[in-house]
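Here you get one chain, nothing else, as structure tokens; it is the form predicted alone.
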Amino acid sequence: MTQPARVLGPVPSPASARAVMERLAAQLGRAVQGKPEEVRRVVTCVVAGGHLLLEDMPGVGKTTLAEALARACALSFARIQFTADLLPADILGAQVFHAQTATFSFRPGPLFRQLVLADELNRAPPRTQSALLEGMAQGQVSLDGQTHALPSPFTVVATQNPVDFSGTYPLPDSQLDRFLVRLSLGHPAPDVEARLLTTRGAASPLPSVEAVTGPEELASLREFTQDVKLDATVADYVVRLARATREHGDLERGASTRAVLALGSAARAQALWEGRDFVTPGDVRAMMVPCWAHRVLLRSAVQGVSARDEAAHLVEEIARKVAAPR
């Protein structure tokens, strides 16, 4: 993987943080063209220190986007293709016996990379899906009574096909809740598709993606993001939004406390796009659907893509109705 051309120090200001994020977005835009807003959401999620779920039909660039992110950040990378026969040990690793010394040693699995692509996560059975849960939540895995730390920074980018596709298993709520952001890329605009056809053909865009930051700077940027100010009035606004989801007649389950904290983290990263070191209600609204639509549960029996779209519509409706502080 391409390494950064220079060693970059800590991020000292909102302006320099914004510059890093813009460089990342520019590189991702080389791999996934015509999706500037989605690319910005991806960068926001990574800078906030969260995990990303990309849900869409096959062939729209989900895997390419994840690989481009690893290249742009110069992170160690592993792709795990989830299938019905994949076992937890295939992800986490296993104890290996050495006959010469009559001892066991731990051989790490592909989860021990800084960026892990869990491709078609919902094609694996729930037992294998849950093998990711501890790593996503705590940055470590426990095997045979021993705890093994995952590398830092650590990010999971998972892709899944819509649940109404054949051969898929719905992700449990406990795992969905670990993803900071869920996105759907969708098809590019017709003019973008035509341009891809004439300029790129079947060639991969990944060789054009350059490393513009590194693990140390990304870790520093995440620490800086945690210090972005979120004052009491904005915090009260987020709590009122959460209460509105819990009291909405069309929702069986509203936003949890973890969802409230997740939205706060995402809004802090969103503020850096404007070069600010404080969160505004606009930052909260911008990240509300990506952060909450997959965390709420509809009362209706609608499933699949329709459920995803309905949940997003309800969250948007709540954002419009709840008054923001001035």
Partner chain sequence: MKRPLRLRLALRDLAVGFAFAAMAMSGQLPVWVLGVFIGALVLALCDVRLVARFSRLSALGLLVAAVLLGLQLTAGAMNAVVAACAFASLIAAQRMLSTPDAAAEGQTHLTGLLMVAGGAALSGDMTYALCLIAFGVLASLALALGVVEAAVPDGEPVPVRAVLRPLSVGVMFAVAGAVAFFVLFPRLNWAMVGPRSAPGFGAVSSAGYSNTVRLGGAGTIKGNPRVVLRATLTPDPGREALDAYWVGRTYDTFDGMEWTNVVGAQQTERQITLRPASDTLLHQRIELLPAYGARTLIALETPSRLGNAMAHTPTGTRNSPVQLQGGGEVRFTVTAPSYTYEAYSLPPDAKKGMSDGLVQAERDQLLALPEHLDARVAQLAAQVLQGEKEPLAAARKLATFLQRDYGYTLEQAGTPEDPLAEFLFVRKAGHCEHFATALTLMLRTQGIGARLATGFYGGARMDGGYLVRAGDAHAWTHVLVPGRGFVTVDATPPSNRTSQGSVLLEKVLALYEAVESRWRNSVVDYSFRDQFELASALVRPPRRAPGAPANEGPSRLPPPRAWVTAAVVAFVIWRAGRFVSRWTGRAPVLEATRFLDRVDTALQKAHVPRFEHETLEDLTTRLAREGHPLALALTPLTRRYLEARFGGRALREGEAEHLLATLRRALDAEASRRAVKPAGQAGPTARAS
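Computed from a predicted structure; not experimentally measured. Positions refer to the first chain, counted from 1.
What comes next is about the form predicted together with its partner chain, which is not displayed.
Stretch-level contact check against its partner chain in the model of the complex with heavy atoms at 4.5 Å: of 27 to 35, 63 to 71, 283 to 291, 44 to 52, the positive one is 283 to 291. Interface membership of residue 276, defined by any non-hydrogen atom within 4.5 Å of its partner chain in the model of the complex, is confirmed.
With a 4.5 Å cutoff on heavy atoms, residue 233 counts as touching its partner chain in the model of the complex.
Taking the partner from elsewhere, residue 195 is found to have every heavy atom lying beyond 4.5 Å of its partner chain in the model of the complex. Although the partner is absent here, residue 247 sits close enough that one of its heavy atoms falls within 4.5 Å of its partner chain in the model of the complex. Not one of 178, 187 and 308 places a heavy atom within 4.5 Å of its partner chain in the model of the complex. The contact residue chosen from 127, 253, 107, 229 relative to its partner chain in the model of the complex is 229, the criterion being a non-hydrogen atom within 4.5 angstroms.
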